[in-house]
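In structure tokens, the next block holds one chain alone, the form predicted on its own.
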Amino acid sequence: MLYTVHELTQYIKQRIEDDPSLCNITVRGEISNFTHHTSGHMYFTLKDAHSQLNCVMFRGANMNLKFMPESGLKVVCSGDIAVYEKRGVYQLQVRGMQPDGIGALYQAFEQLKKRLSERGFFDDAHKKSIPVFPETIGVVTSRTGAVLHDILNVIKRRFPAVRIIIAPTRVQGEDAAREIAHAIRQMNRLSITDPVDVLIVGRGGGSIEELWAFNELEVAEAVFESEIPVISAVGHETDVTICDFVADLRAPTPSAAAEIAVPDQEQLEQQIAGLHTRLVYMIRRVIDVRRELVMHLEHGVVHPRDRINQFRQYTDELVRQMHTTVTHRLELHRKDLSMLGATLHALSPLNHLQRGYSIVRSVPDRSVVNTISSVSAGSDVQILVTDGEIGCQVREIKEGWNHE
């Protein structure tokens, strides 16, 4: 029988696709040559140690995958064997895929965790501190259920003065992640005009499927971008979500988140009372010490009146000493002056006149004539005697003189 290529391919395609043993089959293998086309379709090869199988997973089937396939990943695929007529090859049309040996959700969790870690979403440098005394707390959780009730009860019991703003949202289901991210962003927009100090994001415990909304990328991005410090309180202590890694602080339970968000007012009052008692004790102790010091100083301090009297007496004593000293010095100077007066009298020319001598002075300069060179013949001279002056003229000058 003679076939065209197309006819033969059609025949083989019909025989393969009509074979019930090749429909709804499950194949295990390792992904290689994975391509996620811009159309949304996924093309890859499943291989083992001996063979390989071409596979295609159309957009309508892969859009519900919880993880992203990648080369090297071992998976279990379900679907039908079909023939791609244009190339004349058979392939597996994949309708479902699961990681081999690990759950799809867990695989998706690990993939997103790795991606966000590489982008720095978990770095401590991005973590904001939780305020110690918040005035306003935002809560993103379901309006129904015990979580909101527990958070409100804990906050009102510990710190009733704080204001609480609730952003109700679904916490599980298809649109839960979108609503949670939207609520977080709404809180941040509100905080621009009406500041919110801290944000609690969470829900009660559940399976990984029920908690999955908190493992979605859009929630992680909303938490990372939040200007308000975020406390993640998802599930029980053993439950871990991507939201916990991105948040500024992770609380083991929603109730614990409420305890972290606000201080205990009763404990604060006790601390303040203790500090007040201690402060009063310290002040009294300081006063007592200062009082003892003042008393000690009082015993060593002389009354001003006594000090004044002491200075008065000391002043009188100084005056007496000064008077005695001055009197003594005056007496000494008086004696010295008397001696000098006697000496001066003895040396006075007038004293010589009293003893019968006279003094000759030249005219007109009135200098004492004590040598013959001081005058010349015809010069006028003046002779001083005890009772007056005698004007004379020099008639003759002789050297030497006669004692007779």
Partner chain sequence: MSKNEDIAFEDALKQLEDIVRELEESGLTLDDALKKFETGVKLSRLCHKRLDDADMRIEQLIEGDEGVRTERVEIE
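Residue numbers count along the first chain shown, from 1. The structure presented is a predicted model; accordingly, all values stated were derived computationally and were not measured.
The form predicted in complex with the partner chain exists for this protein as well; it is not shown, and the discussion that follows is about that form.
**Q** Give me the residue from A256, I81, I164, L116 that has a heavy atom within 4.5 Å of the partner chain in the model of the complex.
**A** Looking at A256, I81, I164, L116 one by one, just I164 meets the 4.5 Å heavy-atom criterion.
**Q** Just to confirm, with a 4.5 Å cut-off on non-hydrogen atoms, which of V94, M187, I242, V223 contacts the partner chain in the model of the complex?
**A** None of the other options qualify; the answer is M187.
**Q** Heavy atoms within 4.5 Å of the partner chain in the model of the complex: which of the stretches 262 to 270, 71 to 79, 211 to 219, 313 to 321 has them?
**A** Selected range: 262 to 270.
**Q** Is it the case that P168, even though its partner is missing from this view, gets within 4.5 Å of the partner chain in the model of the complex, heavy atoms only?
**A** Flag for P168 set to yes.
**Q** In the model of the complex, is there a heavy atom of the partner chain that lies within 4.5 Å of any heavy atom of F133, even though the partner is absent here?
**A** Contact check for F133: yes, within 4.5 Å of the partner chain in the model of the complex.
**Q** Although the partner isn't part of this model, could you tell me whether V89 comes within 4.5 Å of the partner chain in the model of the complex, counting any heavy atom of the residue?
**A** Contact check for V89: no, nothing within 4.5 Å of the partner chain in the model of the complex.
**Q** Could you confirm whether V147 comes within 4.5 Å of the partner chain in the model of the complex, counting heavy atoms only?
**A** No.
**Q** Which residues in 264 to 283 have a heavy atom within 4.5 Å of the partner chain in the model of the complex?
**A** Q265, L268, E269, Q271, I272, A273, L275, H276, R278, L279, V280, M282, I283, in sequence order.
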